[in-house]
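Below you'll find only one chain, the form predicted on its own, shown as structure tokens.
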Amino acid sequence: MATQDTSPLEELFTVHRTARAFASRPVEEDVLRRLYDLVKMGPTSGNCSPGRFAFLKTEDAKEGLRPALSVGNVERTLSAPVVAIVGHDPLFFEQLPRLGSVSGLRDWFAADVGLSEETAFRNGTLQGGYLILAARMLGLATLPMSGFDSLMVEERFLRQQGWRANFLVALGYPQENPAEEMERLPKLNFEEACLCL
């Protein structure tokens, strides 16, 4: 847990861990709105903002997710107060006349399906990363995961909007006294993961 001497950087990257369980305290809608208000301020290319988020809060909604989850993710996902479906809008470019500063950008993306799909996926993923970091700064615990059937999730939750599912993030407040915390897994060092050219 963080102490008064913990810097914001330490809090964000070394104190917070992937959640294994959550407190029973609900995450209210005003917290989710504040979360999105932070996420939307993170940069995306050309301010394209393709990220879309479905927050599953009710038991019925979360139960609707059950058949799409990998077996190992069911219990801990459904125990979270909220499960966020992090996705993107493949037709994000329809908003560019309002969001972008370059004229003709909408038509450029609309004419190139490959470019628009790549841009939507890349920037939507980036916004999903912002969601995890912003949630941590708001005091929420996060459990990001990719063990699910995305087509099933899209059909059940996103079909009407035409959005695509990328990954899930279970959200909630951390347990006060979590059971024995798993030892942090190793990470690659600088020489293994980085080049300075």
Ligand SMILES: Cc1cc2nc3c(=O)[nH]c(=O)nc-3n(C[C@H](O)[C@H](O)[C@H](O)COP(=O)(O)O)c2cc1C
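As the structure is a prediction and not an experimental result, all values here were calculated from the model. Numbering starts at 1 and follows the sequence shown.
Note that the form predicted together with the ligand isn't included here; everything after this is about it.
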Classify residue 147 as contacting or not contacting the ligand in the predicted complex by the rule of any non-hydrogen atom within 4.5 angstroms, answering yes or no.
-> yes
Answer with yes or no whether residue 119 is in contact with the ligand in the predicted complex, where contact means some heavy atom within 4.5 Å.
-> no
Taking 4.5 angstroms as the cut-off for heavy atoms, does residue 35 touch the ligand in the predicted complex?
-> no
Consider residue 27 of the chain shown here, and say whether it contacts the ligand in the predicted complex, taking contact as heavy atoms within 4.5 Å.
-> no
Of 75-105, which residues get within 4.5 Å of the ligand in the predicted complex if you count heavy atoms?
-> 76
